[in-house]
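In structure tokens, the next block holds one chain alone, the form predicted alone.
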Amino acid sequence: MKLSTFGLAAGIALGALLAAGPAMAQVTLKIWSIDGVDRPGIADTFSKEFDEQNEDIVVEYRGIPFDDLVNETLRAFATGNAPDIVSFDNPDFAMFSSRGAMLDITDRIANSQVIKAENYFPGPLNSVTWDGKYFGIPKYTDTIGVFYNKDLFAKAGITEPPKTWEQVAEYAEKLTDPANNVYGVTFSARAGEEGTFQFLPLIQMSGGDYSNVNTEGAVAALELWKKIIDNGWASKDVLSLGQWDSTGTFNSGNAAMAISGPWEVDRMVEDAKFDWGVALLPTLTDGGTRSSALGGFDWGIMSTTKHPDEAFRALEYFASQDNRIFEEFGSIPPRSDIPLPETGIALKDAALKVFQEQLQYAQPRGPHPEWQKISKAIYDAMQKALTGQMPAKDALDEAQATIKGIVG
């Protein structure tokens, strides 16, 4: 009996030692993202799966609100407490890459059997590129196009969506119906990132970019937006509404067109009590250069990580799950090799095909480490022109001077 008791105790002790062995060899990866703060998302879901599938790695995941993520990560990096992996909004990525805060993974991508740079849309891939090197991989992407109310179009005798911004104004005038509280078009021209997100593509269509904003075409486009607002073809509320609230007026039937993105499609399917469609973002001239805003987030490994190999394994796992992110999270994969599956909802499937085509023309905001200051110069100019504080040319000239002082 005593022997049996000793044997049992020894067996338990040996089992404990064996169980403790692998734990001692485990690596801890800290992963930060906005996902999981208010609802399950890509990062928290995939991080949990990666943790469960890899006995040699323990994942400590932290969800951080969008408004706090950049500053929280900057503080953590400065104090030596940075996470191993972080997911940023794409225009913020260059701020960290340019400061040496992100790990160069160019060679790792070249040797990877999972991550292939050529599979990504150019815009999202450009957002993780700095000085010709890759410092991350795109996580998901989105862009903007023009939603239009087919019933109101038919009533006004308009047979196709607008192809140019002049047509947007022309159609908006015909579609505006004050008696029924219907505006011709809605968009977001607020003083914030959403305003820049919607106006920057017009600058790019004119041959400009974030460092060259006062082109002749950009001035004309801003003047056209002011004409649309001044004539009441768009509500003056567009000066303060974000994209979600702006598009809500379209969903309710109070605007015949809306500049917005694929994040609206599910809500539109549910709320809109009319026939609608999506078209590519209009160009400045017939057959002119196309562009569109690039939204979405990126994954990156911070340069201070002590576990770059394990962190890259996590990125490879995340990338290997890209084919799930549309069906499970409603996000568009940033890759051209992943077709969106049919949902069986005709309006939704048709809309998403347009947005996938639009992604071919989407350009990132920046990239530049001082993007937030550049963006402010753009949306400040937009607001000054649209509210009549300054002529469009003067406002964009002022923005150009500010931006020149930033970018050199």
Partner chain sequence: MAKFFNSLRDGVGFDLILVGAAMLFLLALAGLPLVYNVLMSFQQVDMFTLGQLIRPFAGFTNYAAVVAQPEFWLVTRNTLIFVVGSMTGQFVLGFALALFFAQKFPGAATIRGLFLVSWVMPGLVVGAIWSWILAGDFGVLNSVLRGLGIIQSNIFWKSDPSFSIWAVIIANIWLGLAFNMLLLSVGLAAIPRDLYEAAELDGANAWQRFWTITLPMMRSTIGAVLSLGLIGTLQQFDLFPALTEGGPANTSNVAGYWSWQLSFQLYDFAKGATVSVMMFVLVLFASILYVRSTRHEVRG
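Numbering follows the first chain given and starts at 1. Just so it is clear, the structure is predicted and the values come from calculations on it, not from any experiment.
The next section is about a form of this same protein that is not shown, the form predicted together with the partner chain.
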{"property": "Contact test, all of E160, T164 and V407, partner the partner chain in the predicted complex, heavy atom 4.5 Å", "result": "no"}
{"property": "Options 276 to 284, 332 to 340, 122 to 130, 178 to 186; stretch whose heavy atom lies within 4.5 Å of the partner chain in the predicted complex", "result": "178 to 186"}
{"property": "Candidate from A272, L224, L74, A156 lying within 4.5 Å of the partner chain in the predicted complex - any heavy atom", "result": "L74"}
{"property": "Of Y140, Y210, F318, F96, the one that lies within 4.5 Å of the partner chain in the predicted complex (heavy atoms)", "result": "F96"}
{"property": "Contact test in the predicted complex: K236 vs the partner chain, heavy atoms, 4.5 Å", "result": "yes"}
{"property": "Non-hydrogen atom contact E398 with the partner chain in the predicted complex at 4.5 angstroms", "result": "yes"}
{"property": "Contact of A117 with the partner chain in the predicted complex (heavy atom, 4.5 Å)", "result": "no"}
{"property": "Contact of K348 with the partner chain in the predicted complex (heavy atom, 4.5 Å)", "result": "no"}
{"property": "The partner chain in the predicted complex - contacting residues of 370 to 386, heavy atom within 4.5 Å", "result": "Q372, K373, K376, Y379, D380, Q383, K384"}
